[in-house]
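Presented as structure tokens, the chain that follows is alone, the form predicted alone.
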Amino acid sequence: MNEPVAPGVSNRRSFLERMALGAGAAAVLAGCDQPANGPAPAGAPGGGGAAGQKKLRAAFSNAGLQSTWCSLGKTTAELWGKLLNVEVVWFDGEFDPEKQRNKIDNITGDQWDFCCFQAVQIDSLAAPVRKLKERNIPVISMDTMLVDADKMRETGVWVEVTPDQVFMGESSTRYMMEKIGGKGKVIHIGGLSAHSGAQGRRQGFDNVHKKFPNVEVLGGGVRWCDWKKEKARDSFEAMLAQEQTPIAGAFFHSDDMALACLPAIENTIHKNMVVTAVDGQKEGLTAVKEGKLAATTVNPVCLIHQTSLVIGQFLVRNAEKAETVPLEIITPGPLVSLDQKSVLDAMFFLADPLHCMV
């Protein structure tokens, strides 16, 4: 007979089991690929991965390396590239759709086995992706949409590896609303308005806000700050200055923006503000441990970049066809707070740059 499980425990357990299974499976991938004429003899030379395995070359780009989330994504791709014998060549999006587009345009004629891109802005990379399609080079979308879902295959996007953006917005917003007792004034600081991930997080916030009619969003709604810490801080401080009574809470689309704004509430009437965010990597998790952030929802940057690279090398090594690949693969990420210390500890370990697993 199975022993009863406390509410919430089974969900946490199943999530961690999925994470462990995914990481374990990825770790043995290097041994899955064998030469066409059978396994290589013991001790056969290899540049990494399975003995005798061909080295692949992949182009990667994400939104901007000044973001800790994106920087960890680069670290992840390079780490797992070495493990799976894939040379990762990086092109920084610089949080500028035109600069990212120019960089990708310039490399469409180079030799790539596959490409993995997180677009700064939806549709901004559509033209170079079409050029890569003409050369039969698989393109994987990471975290955000390169193009609308109904245009993916015609454009050349094989699959999108993404978190549930709406879920992340809902999770952190719901936690904030419950902690403030469902009433009061709150601030909503968003990323880039044309970024599909930010759009999903806004939708998640709005979905939850509808259920709390006694909560007022200052400024009439989301304040778009383009993922820029300075812009977020300026907007946040301006709203603080306008209020003569304590603001109950704030939801940020990224830990980076939230952490940049937290010093502004110290020693003010707003010092007890409940602040939540999205990303859940080392800096944000540390802030939760220290009680600075009330909660954050994990946007599993390592899992997204790792999964994209793993899928890409499989597509090439197995000569798979686009029509056999699902259009979307959702990566899980839990809400993290001091209320569930075991989840916080697990995420802190998995997100460590030494491991790059979540």
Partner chain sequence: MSTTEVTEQPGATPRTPFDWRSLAPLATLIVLVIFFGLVTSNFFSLVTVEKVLNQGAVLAIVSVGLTFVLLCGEIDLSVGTVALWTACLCGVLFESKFAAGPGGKGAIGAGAVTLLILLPLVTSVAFGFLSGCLTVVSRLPSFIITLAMMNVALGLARYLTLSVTFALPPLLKSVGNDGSALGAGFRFPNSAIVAAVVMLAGHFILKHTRFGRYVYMTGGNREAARLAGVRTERIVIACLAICGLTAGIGGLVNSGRLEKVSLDQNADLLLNAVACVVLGGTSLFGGEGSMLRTLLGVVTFSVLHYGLNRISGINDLMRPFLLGVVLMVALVINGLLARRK
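The structure presented is a predicted model; accordingly, all values stated were derived computationally and were not measured. Positions refer to the first chain, counted from 1.
FYI, the form predicted in complex with the partner chain isn't displayed, but the following is about it.
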Original post:
Heavy atom to heavy atom, is A260 within 4.5 Å of the partner chain in the model of the complex?
Top reply: yes
Subject >> Exercise: E237 in contact with the partner chain in the model of the complex, heavy atom 4.5 Å >> reply: yes
Subject >> S61 within 4.5 Å of the partner chain in the model of the complex, heavy atoms >> reply: no
Original post:
Even though the partner chain is not shown here, does G219 get within 4.5 Å of it in the model of the complex, heavy atoms only?
Top reply: yes
Original post:
Which of 140 to 148, 122 to 130, 238 to 246, 157 to 165 has heavy atoms within 4.5 Å of the partner chain in the model of the complex?
Top reply: 238 to 246
Subject >> Heavy atom within 4.5 Å of the partner chain in the model of the complex - residue from N299, Q313, Q306, S67 >> reply: S67
Subject >> Listed residue that, although the partner chain is not shown, lies within 4.5 Å of it in the model of the complex (heavy atoms), from R233, K179, K185, R101 >> reply: R233
